[in-house]
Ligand SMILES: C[S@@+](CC[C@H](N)C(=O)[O-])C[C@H]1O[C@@H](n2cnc3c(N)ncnc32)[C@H](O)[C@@H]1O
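In structure tokens, the next block holds one chain alone, the form predicted alone.
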């Protein structure tokens, strides 16, 4: 059974973690590195013995450092969520905005947990000033006892993984993270998806995708990068334009995101690597005049 992190966010990779883990296990490494840790769904399922886990979102890093230090436990989370959840219900949802304002002023990691589990559609969106600005999910009874218990169990599970292994959580730019890697490391990247609408702590564009590509190719480490190949409307042309020379493996996935059910469609996920596996083929460059092909990786989940 997959380990689900307590922080919720769109684009979470929990259901794809087994597929990613298969690719990681085809190479030996001593340290796992994630320049875009996000909610931590991949590392908590791969469970390497040693890891450097980074993100530019300080609230994610603060939360997991608080779990690591013991300042956040399942018991403390239960007390916090039960109290704030009661206020949420009593105020018919208005208390959400009190917590959001308080979080934007103090950055309290337990308030961050509360917001991630009660905001609209599990979004993680910040203003240019760095303020969390996602509205309420309109469910005042959001923190029923069963959900609070579920979240607390998730905290307990990831806490055991963190304390059983040697994990460092750092808030820094992906360039600094990749520059610290060596030939014994495995780098896994899950950046915001280029060419798609993205709500993230920082924006993402072609210049950043190129900088990421150059950083990874210039490192001595093996690397994997998650991106998208196609959906029912269009294909990701950047794979051939930017990632030519890598290997690609794909699998169909369904993200439960979007305000309307009609906007929730299948997408072909791609995993790019600088090494070949039994499930991957070459990414062909545009100048080869051959379209990028994709190979279905089979049902692993």
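Numbering follows the first chain given and starts at 1. What you see is a predicted model; the values in this text were computed from it and never measured.
Missing here is the form predicted in complex with the named molecule; even so, the following discussion is about that form.
This chain appears without its partner; in the predicted bound form, the one residue of 156, 166, 173, 87 with a heavy atom within 4.5 Å of the named molecule is 173. Contact with the named molecule in the predicted bound form, defined as a heavy atom within 4.5 Å, holds for exactly one of 274, 268, 65, 56, namely 56. Stretch-level contact check against the named molecule in the predicted bound form with heavy atoms at 4.5 Å: of 241-249, 66-74, 36-44, 23-31, the positive one is 36-44. Taking the partner from the other structure, the named molecule in the predicted bound form has no heavy atom within 4.5 Å of any heavy atom of residue 52.
Interface residue remark: residue 103 is not counted as part of the site for the named molecule in the predicted bound form, having no heavy atom within 4.5 Å.
In the predicted bound form, the named molecule lies farther than 4.5 Å from every heavy atom of residue 111. When contacts are judged by a 4.5 Å heavy atom cut-off, residue 191 counts as touching the named molecule in the predicted bound form.
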